[in-house]
Each structure stands twice: as structure tokens, then as C-alpha cells.
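There is one chain below, alone, in C-alpha cells, taken in the form predicted alone.
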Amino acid sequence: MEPLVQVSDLKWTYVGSKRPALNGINFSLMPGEVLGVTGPSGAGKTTLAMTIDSLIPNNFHGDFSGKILVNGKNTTDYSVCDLVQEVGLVFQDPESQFMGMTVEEELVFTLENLGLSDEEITRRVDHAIRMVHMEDFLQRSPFSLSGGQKQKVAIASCLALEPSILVLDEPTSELDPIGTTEVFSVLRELKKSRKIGIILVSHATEDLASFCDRVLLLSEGNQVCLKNTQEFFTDIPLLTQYGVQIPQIVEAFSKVPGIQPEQIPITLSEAVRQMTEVEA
């Protein structure tokens, strides 16, 4: 099985900056995999997200080196428009992506620009809006929706293009708990039902722990480590050193005498299962 994304020795320095925003990044993303990206503010997380669909270097000035392959395509050889059906990018502020006066117009806009038939556009819009459970909102203005609903519309706009890769940059950082639950409910369904690869940039360690397969830690543009989720979130010295919030479940169970890192649950559901097994 070939990776959806292959990043090799990626380096990027913005014009006027003395320090690289990204300095030697290496990772791959396989079909059906969710890769979390975290780290302190200024670590280069958003910059990394923008390289995957070629926004960087094509729409910014700076020095780029290394290679990013998306479905085997070198991103420096393609524009953002060329990759729009390969990579869906969802930003922290969904309103920055909205162009339609209604949710339906928002989903249709890019599809029409691709020259698709009316029948194909209808099929894709119907499928995408069902995926995010927003069928009753097609004629609503996207600007009138709640935060979680706006983010789901942004996700649906990407899904309508049927990409193989979805990149989400802090998609829940401005949402309340209800909105966050709505968005992750959609993402979990995507993970189960499709072979789409997901890159999730986030500070929300509880969400990363429960959703991701691996986690990439960045700091000042450098790649600190790339570990599976269990190893990452039970490495408390590492999390402490780089200011990554320790999930509450991990913090609580790490204080149990004699417990080994591989025995520490990293999500509430794992903790409940372990406690149930002990009681049984």
C-alpha cells in the first residue's frame, strides 16, 4: 500500500525570517490513518498544514526545499487548484473559507468550477451533506450557523471534492464543547467509513489521544518525535519538556504505583474498560 502523503526533509523559511518555520520534517500518511500534529505556539503546525496542498510555496514567498508527494505528485509541480481534489484543507476559522450565500451554494461553488455535470454535482452535494448530518441546512446562510455547524459545512465542502486527504488546522479551538463533539462525531464517522487519510493539527490533547493513530511533535520548526499515540501520551517527561498538556486520564493513572507506560490508558473509554476488567 502506497502512502497518501510522503514528506521528506521538508524545510521552509518565510521571507524576512531568520529562523526556518519548518526544518527537516519527515513523515508519511497512509490510507485510513489519522496523524495528529501538535506542539507549542510557533512550532510550525499551521505552516506544515499549508504545505500539504501547495499553498506553501506557491502562494507565499520564502525558501523551500525537500519534497512532498501527494498521491505520488510532487506538490511543487502543482497549484492549489490542481490539488483541490487530492487535499481538503479546513482552517481554524471556517468563515474565512465561505463564498456562498447558502450552504448549498457553498458546496456547489467549487464543483461548478471543475466543470462537473449537474447530476454529478447533485450526487456529491447530497453525499457530503449527509456525511455531516446537515441535510436540513442547505438553504441556510453558512454565516448564521453555530460554530460547530460552520465547521461541519467547511468539512462538507471539502468532502464534496472527494479528496483522499483531509487536513484540519485547529478545527475545534474556537468551539464550545457541543461544537467540538459535533465535529469529532463527523471525523470519527469518516475514519470508520472511508480510506481517507486525516492530518489533525491541534492543541487539544484529549481529542488527539482518542482520535489519532500517531502524533508528530513540532517545536520551533523542528521535528521532535513521531510516535504512536500510546507511546506519545504516556511519555510524560517529553510532554512536560515541550509544554504539551498531559491528558487527564494519563495524569491520573501515571500516579498508580508500579504501573508501566504501556499499561496507562490514554482515553476515558480505555480507563473504564481496564477498571471493569479488574473488577471482573
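Quantities reported herein were computed from a predicted structural model and do not represent experimental measurements. Residue numbers here begin at 1 and follow the sequence given.
One more form of this protein, predicted in complex with a small molecule, exists but is not displayed; see below.
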*asked:* Tell me which stretch of 208 to 216, 248 to 256, 33 to 41, 62 to 70 has a heavy atom within 4.5 angstroms of the small molecule in the predicted bound form.
replied: 33 to 41
*Verify the contact flag for Ala21: yes if a non-hydrogen atom of it lies within 4.5 Å of a non-hydrogen atom of the small molecule in the predicted bound form, no if not.*
yes
*asked:* Can you tell me if Gln230 lies within 4.5 angstroms of the small molecule in the predicted bound form, counting non-hydrogen atoms only?
replied: no
*Partner proximity in the predicted bound form: Thr46 to the small molecule, non-hydrogen atom cutoff 4.5 Å*: yes
_Can you tell me if His203 lies within 4.5 angstroms of the small molecule in the predicted bound form, counting non-hydrogen atoms only?_
yes
*Consider the chain as shown here, without its partner, and state which of Glu106, Glu86, Glu182, Glu170 has a heavy atom within 4.5 Å of the small molecule in the predicted bound form.*
Glu170
